[in-house]
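Take a look at this single chain, the form predicted alone, given in structure tokens.
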């Protein structure tokens, strides 16, 4: 391990460790209405917004009202975004004169960005105008993670015994109190590091060979900051964060990695503050951190060792650098890719298709679990979903009614949680099976055998997990994938969230039960270990068969060829 790798990892881990408590405490104060340092400058602005929206901040919603507001607001954004993409050719800030987007791609893109997935079946610098980038898709990169965060906040309030609150108030405050200030500061730093921020047209550069090369530019720094702070992941350019226009230096690589995880990790601590169960919060943070480190090891060490076929020929001296940027190396690339899969950001600083099978399995692990801190609020929702299932299973084993945070977990909560849990694999496995079984799906696969199956599986997993990254090697611009993955992103976003909101309201209505000597603890090392094992077992039972046909089979084929 090089000194650069060690320093990068230490800085990133220390950054998360130092910010989780103060940022989580600040968020808890914001969303319980306690005074904060930003009240004076931002309070009047928020009040004006609420008056325009006709929102009364003190009016709390029921779970159905909160969920309906969430879904209908997102639907409005989807329709408006779709219309703007279709009309791109006649809208301003289009110096390259790009035409309007075709209907299927416009649907796929609008659905993807509205669900905070940001799956891209297009090349940004060759398809989208500046207006589409900063005014349409850039707007969605603020409000869609904020809407997911709002639902997570409402759920935490419910299980803490508080009213759910008002969706529109939470939505505005996530934007004004978190995303806008952080994005503004990060954008300034990125500009200082050389990331472009302009509305001027692309540059025509005359090369030393006598040719002319078109160099794209635009409002990239502001896009990059919210892309990562909002766990959005959609690249301004096709190369995403592997492009020096978006991620030019090892320092920006560290900053963008930190930006992905600051708020999601702090959400877990905010949960402890609001519920008064900080030990439970630290336990969940420990479980998430264990999965993060497991993924990092699965990515770094095989890539650092290099391709076994090339190593067997005595040619591997610097690990597997195929598809990676030299300025980041294997170490910087590994922690960036671990973060983007753990926090469901979906931005990429390398070509995922060029990684070895075991690192690719780590990518799948992050998306299969969808709770290694995950996105704002939604990652915490998914973790608490597995906590409820684990507590239920523990109760079955000892013959007691399971409890969590002093509330009994009964049939309604278990049924809704099971529905939310099973929807995720249903979308992934059904979509993959349909693509593999139909000519329309197979037409987009460029690689045969297990790797081709992995590419299909990755596409539907990325969509259902609202991750949005692409493995490569799959023609995602085909109508089949534009529609099928678009549907997976929509169902994957809204169905499970609605189920968990109903779980939160059901727990809110229940009376707290006193803690006794027989109460099962949901904190500490023992429960953390049980939760970690339960998450692995439940997901292995669901996803191991398809993983065995994809990256695992490819790994053993690679080892087999090495010995031929």
Partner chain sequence: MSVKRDLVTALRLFAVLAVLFGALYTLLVLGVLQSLFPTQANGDLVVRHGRVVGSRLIGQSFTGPGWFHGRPSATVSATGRSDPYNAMNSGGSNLGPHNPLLVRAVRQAMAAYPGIPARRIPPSLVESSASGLDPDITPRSAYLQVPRVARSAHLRRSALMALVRRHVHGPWLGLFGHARVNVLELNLALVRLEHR
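Quick caveat, the model's predicted, so the values are computed rather than measured. Positions refer to the first chain, counted from 1.
This protein has a second form, the form predicted in complex with the partner chain, left out of what is shown; the following refers to that one.
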property	result
Interface residue in the predicted complex among 447, 415, 102, 477, criterion: non-hydrogen atom within 4.5 angstroms of the partner chain	447
Option touching the partner chain, based on a heavy atom within 4.5 Å in the predicted complex, out of 28, 538, 69, 497	69
Proximity to the partner chain in the predicted complex (heavy atom, within 4.5 Å), stretch among 379-387, 280-288, 398-406, 132-140	132-140
Distance check, residue 171 to the partner chain in the predicted complex, heavy atom within 4.5 Å	yes
Close approach of residue 248 to the partner chain in the predicted complex, 4.5 Å, heavy atom	yes
Residue 92, heavy atom within 4.5 angstroms of the partner chain in the predicted complex	no
Distance check, residue 47 to the partner chain in the predicted complex, heavy atom within 4.5 Å	no
Triplet 37, 430 and 433 all within 4.5 Å of the partner chain in the predicted complex via a heavy atom	no
Sequence-ordered residues of 223-246 touching the partner chain in the predicted complex, heavy atom within 4.5 Å	225, 226, 237, 238, 239, 242, 243, 244, 245
